[in-house]
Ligand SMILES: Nc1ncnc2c1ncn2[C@@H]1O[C@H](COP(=O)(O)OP(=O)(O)OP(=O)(O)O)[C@@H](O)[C@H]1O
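Only one chain comes next, encoded as structure tokens, the form predicted on its own.
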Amino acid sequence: MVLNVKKEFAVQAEALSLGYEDLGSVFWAVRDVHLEIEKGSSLCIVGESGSGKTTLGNAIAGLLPPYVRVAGKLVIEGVEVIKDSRVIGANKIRGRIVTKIPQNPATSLNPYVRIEQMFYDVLRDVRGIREKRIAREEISKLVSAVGLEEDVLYMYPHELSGGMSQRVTIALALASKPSIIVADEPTSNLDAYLKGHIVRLIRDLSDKFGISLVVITHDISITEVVCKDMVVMFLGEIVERGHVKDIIRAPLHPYSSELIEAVNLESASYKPKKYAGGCVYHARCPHASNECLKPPPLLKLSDGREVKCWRQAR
């Protein structure tokens, strides 16, 4: 199948694999991912630590390290970022077409620079706004959009609370007027009260500005609030995809069921093992059979959902 670059898609991936060299061999953190995200839509990438969700999110954001190994294709807003075994267009999208809301905002903000200067730097370097009056008007709009007072502009990062830091990083992500925002575990450092506020803020802002949203999370409880669609990843593969409400209500893959039942993925006692072929989940699956020693087919169902599972193929 040839990748068909269409303007209506924000992200298109075909047979995308991403790996890292390890003692002479390659550890493939993401394997054979096929993914399309429509412009203006919202997608949650869900999975536990080691599932490959952050590596996939970094590829979409153009943030892969120079030592990464790649295969397949990745197109972001019509720009070829990965082609075959080469990363060719990451610098064209990074910080411009795609921005990222980091997992730990407190450590991602420059501790020696006031918040106001960070906004000036983005507006100057990315959008070419050099007149201070115009920049100040834009900064005021951004700060107001995330529910902060302008007093925050005169603070240093260490003076901000966790919720304020997260709101500042959201506003900074919006400052470059991106087409896509990748939010990496946006609630991992927040308490339950702030978590709900932040995910609703991200959702509302992406809707308001028409931004395509990719949310990386291990917390499946936020997916219904922030996203319309969801993919479930395990050991580098997408094992199920569909509308969030459909997967939450009636998961097709046993791993999706486990995530929903567990809710807190960090409590799982299972530690991922090296992939040995067949279904990536068979060593952990309560329904595993000899058939699962072979790679399951990707089933595309009539309601738009996708799943890799031999039980569903029967």
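One-based numbering along the sequence shown. On a predicted model such as this, the values are computed, not experimentally measured, just so you know.
As for the form predicted in complex with this ligand, it is not shown, yet the points below apply to it.
**Q** Does at least one non-hydrogen atom of E80 fall within 4.5 angstroms of this ligand in the predicted complex?
**A** Flag for E80 set to no.
**Q** Taking heavy atoms only, is G62 within 4.5 angstroms of this ligand in the predicted complex?
**A** No - in the predicted complex, heavy atoms of G62 and this ligand never come within 4.5 Å of each other.
**Q** Taking heavy atoms and a 4.5 Å cut-off, does E224 contact this ligand in the predicted complex?
**A** Close contact is absent here: in the predicted complex, E224 is far from this ligand, nothing within 4.5 Å, heavy atoms only.
**Q** Heavy atom to heavy atom, is L252 within 4.5 Å of this ligand in the predicted complex?
**A** No, no contact at 4.5 Å.
**Q** Please determine whether each residue of G52, Y67 and E185 possesses a non-hydrogen atom within 4.5 angstroms of this ligand in the predicted complex.
**A** Checked in the predicted complex: all three residues contact this ligand.
**Q** Looking at 281 to 289, 31 to 39, 44 to 52, 252 to 260, which stretch has residues with any non-hydrogen atom within 4.5 Å of this ligand in the predicted complex?
**A** Flagged stretch: 44 to 52.
**Q** Can you list, in sequence order, the residues from 17 to 31 that come within 4.5 Å of this ligand in the predicted complex, counting heavy atoms only?
**A** Heavy-atom contacts to this ligand in the predicted complex: Y20, F27, A29.
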